[in-house]
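This document opens with one chain alone, in structure tokens, the form predicted on its own.
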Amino acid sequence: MGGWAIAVHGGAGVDPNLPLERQEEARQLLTRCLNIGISALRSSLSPIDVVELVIRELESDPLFNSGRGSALTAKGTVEMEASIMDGVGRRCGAVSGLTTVKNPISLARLVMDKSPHSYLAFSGAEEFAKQQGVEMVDNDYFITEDNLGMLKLAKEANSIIFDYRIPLTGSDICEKAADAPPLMMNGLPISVYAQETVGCVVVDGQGRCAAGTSTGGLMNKMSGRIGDSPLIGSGTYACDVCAVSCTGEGEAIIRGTLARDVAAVMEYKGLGLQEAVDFVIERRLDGGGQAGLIAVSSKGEVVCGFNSVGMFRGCATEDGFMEVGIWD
């Protein structure tokens, strides 16, 4: 085995005009989360525990689109989703439609550990959360002024918005849409594109892998929409050879079963982790889909791959390597 490795992401697809101070805030958060994960791994915490710990930190900070700071539905509410998977035995848990659970990733973990099921959603997930005694908060806790402003812009533009807290006016957003070729999702046009889903993948020194992903979804999304993040095999996957967390255009990730495909080409084609990630990014995103992913292998390798304009990401390995980046 090659020792432990960890990677985190804060979403693929970044507006090239993102202010420098916001770029720095993102780098600082990713660095803090990496250091939390590194300390936990050095303390021999299990990979699944490290994944949950790191994603809880990301969910508690409003900078990215998960937990507090989640994107708003067309109704102005928050509907969050998350999944977690332990490569040991391919155990998994997932949740969708959460409105009052402070840390969705922890409820996904409880679905895996404390229920006979793999996936709970909406009222059923909320009721399970109450039964398990997890921390609950009012929906207002998750809503930020930035996101209220972005929802207003989205409604004025009559569009779904994927945006990294860019301070745009209504006219700015229309000019951006007019100047750029139209982006499509499931055959329908969308406007500004920049996801912020968070995720973490971990392998320990024994080669045990785990992965998790958490998101608030799309700004101005239809109530009830479920993306790739809680879907095992699409947004999240872990097995005995690797662990993967995806981010980007959810509908394209779902169609391509991106996370599982990384493991599949390693298992069936004998590809290494870097080759597998490259293959999936290049060959499995049909219709011009934009996405990214982070992955670790049981050998201690770590890889980040994306075809979008940037991805918020960071990774570290036991031999001292550590990197945090946004652009190519």
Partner chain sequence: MGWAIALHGGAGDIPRSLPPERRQPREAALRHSLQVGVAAIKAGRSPLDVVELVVRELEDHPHFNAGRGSVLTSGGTVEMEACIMDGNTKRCGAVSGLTTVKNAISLARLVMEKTPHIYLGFDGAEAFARDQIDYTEPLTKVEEAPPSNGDSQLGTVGCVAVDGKGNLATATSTGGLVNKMVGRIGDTPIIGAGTYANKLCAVSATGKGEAIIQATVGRDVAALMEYKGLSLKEAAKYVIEECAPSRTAGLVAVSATGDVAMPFNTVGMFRACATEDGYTEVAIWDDETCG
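Predicted model, so just to flag it, every value in this text is computed and none were measured. Numbering follows the first chain given and starts at 1.
From this point on, the text means the form predicted in complex with the partner chain, which you will not see here.
**Q** Given a 4.5 Å cut-off on heavy atoms, tell me which of 39-47, 293-301, 267-275, 62-70 is the interface stretch with the partner chain in the predicted complex.
**A** Checking each option against the 4.5 Å cut-off leaves 267-275.
**Q** Looking in the predicted complex, is the partner chain within 4.5 Å of a heavy atom from each of Gln23, Asn147 and Lys155?
**A** Verified in the predicted complex; spot residues all out of contact, no.
**Q** Here the chain is shown alone; which of Gln206, Thr100, Thr77, Ser115 has a heavy atom within 4.5 Å of the partner chain in the predicted complex?
**A** None of the other options qualify; the answer is Ser115.
**Q** Although the partner isn't part of this model, could you tell me whether Ile143 comes within 4.5 Å of the partner chain in the predicted complex, counting any heavy atom of the residue?
**A** No, Ile143 is distant from the partner.
**Q** Taking heavy atoms only, is Gly89 within 4.5 angstroms of the partner chain in the predicted complex?
**A** Within the cut-off, so yes.
**Q** Looking in the predicted complex, any heavy atom of Leu151 within 4.5 Å of the partner chain?
**A** Heavy-atom contact with the partner chain at 4.5 Å: absent for Leu151.
**Q** Answer for Leu218 alone: is it within 4.5 Å of the partner chain in the predicted complex, judged on heavy atom distances?
**A** So Leu218 counts as contacting the partner chain.
**Q** Suppose contact means any heavy atom within 4.5 Å; which members of 210-228 contact the partner chain in the predicted complex?
**A** The stretch touches the partner through Leu218, Lys221, Met222, Ser223, Gly224, Arg225, Ile226.
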